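Listed next as structure tokens is one chain, alone, in the form predicted on its own.
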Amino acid sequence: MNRFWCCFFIFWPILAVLVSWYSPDMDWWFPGEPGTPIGSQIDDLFYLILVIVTVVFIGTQIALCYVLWTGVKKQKGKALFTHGSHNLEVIWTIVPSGILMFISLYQLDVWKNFRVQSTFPEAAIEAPVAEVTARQFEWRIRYPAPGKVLKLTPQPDDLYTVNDLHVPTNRPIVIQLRSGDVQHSFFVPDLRIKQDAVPGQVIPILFEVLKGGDYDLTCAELCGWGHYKMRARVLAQPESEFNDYLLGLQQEQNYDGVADEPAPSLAQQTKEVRQ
């Protein structure tokens, strides 16, 4: 019976390692390749930490299995009582501290590129693409009118959508994040972008989408009974298509439904704005 329990506790760590090893082949892993440069850095940091904890996990489990197996064989004799080893305590205090210090220093560049505003490109910080306000239970997006710069305070000609964020590709962009009520979290898994929206604060998010596409936007903070349905999309598209989208949105919002003359075409408006 003692050997049964020994094998029982040995089996589970082996199973955990095997499942983790095969999980990428079963799509139990990241949702795909990172769609942003910062996403690649975050993935590299994740894999570094994964290697460290895996080595520690395997090492401690081998030691535990050894103790269990040798303990089963010893049917006789008194158990050894000890107050511990001062040398061992010093070692397992210094080694984890050193590992944590290494990780904290290694990730400084990733943190700087994602959060330190003084390192953001000047053009991106001075002309945010949009303001995203999280609220129970939707994402409200505010764009500047074509040809204008987004202000912190809403302007009469600003453009609005709900749960549909469009961004240009292949250039650094900034999104201004707000919360209209409680704490939310702006999370786009495919882009590896995650930032809490805190009431009373305007938080800039810097990223660059490398490939056009439709990406899921979710709230990663439990924010109320409707948290589960707080979903939206981030549509990344070339710069010209993004500009056309803003012009179309402006035309749609400004049309009063009774104008005698048809609204100017998107091509005409695009030409005027670019001039």
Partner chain sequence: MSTLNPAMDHSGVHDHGHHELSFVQKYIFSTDHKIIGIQFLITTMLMLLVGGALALGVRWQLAFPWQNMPFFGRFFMAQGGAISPDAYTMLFTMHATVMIFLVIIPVLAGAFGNFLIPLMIGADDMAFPVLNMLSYWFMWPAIFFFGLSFFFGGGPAAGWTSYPLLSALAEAAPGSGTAQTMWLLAVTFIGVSSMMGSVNYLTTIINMRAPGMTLFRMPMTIWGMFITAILQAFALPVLTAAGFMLVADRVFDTCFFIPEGIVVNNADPTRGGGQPLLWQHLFWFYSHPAVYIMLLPAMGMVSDMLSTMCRKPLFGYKPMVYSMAAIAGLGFIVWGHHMFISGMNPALGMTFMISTMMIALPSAIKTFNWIGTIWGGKVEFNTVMLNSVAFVSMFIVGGLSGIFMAAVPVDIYIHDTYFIVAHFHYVLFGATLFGVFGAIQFWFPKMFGRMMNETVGKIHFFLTFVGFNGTFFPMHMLGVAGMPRRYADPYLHPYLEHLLPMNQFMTVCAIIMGFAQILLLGNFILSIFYGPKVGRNPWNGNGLEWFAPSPPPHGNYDVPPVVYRGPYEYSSPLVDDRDYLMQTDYLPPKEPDKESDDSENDSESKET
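In this text, all values refer to a predicted model and were calculated from it rather than measured experimentally. Numbering follows the first chain given and starts at 1.
The same protein also exists as the form predicted in complex with the partner chain; that form is not shown, yet it is the one meant from here on.
The partner chain in the predicted complex is not approached by residue 142, whose heavy atoms all lie more than 4.5 angstroms from it. With a 4.5 Å cutoff on heavy atoms, residue 239 does not count as touching the partner chain in the predicted complex; it lies far away.
At the 4.5 Å threshold, heavy atoms of residue 187 reach the partner chain in the predicted complex. Of the heavy atoms in residue 147, none are within 4.5 Å of the partner chain in the predicted complex. Heavy atoms within 4.5 Å of the partner chain in the predicted complex belong, among the stretches 152-160, 165-173, 88-96, 124-132, to residues of 88-96. Looking at 132-164, the one residue that comes within 4.5 Å of the partner chain in the predicted complex, counting any heavy atom, is 136.
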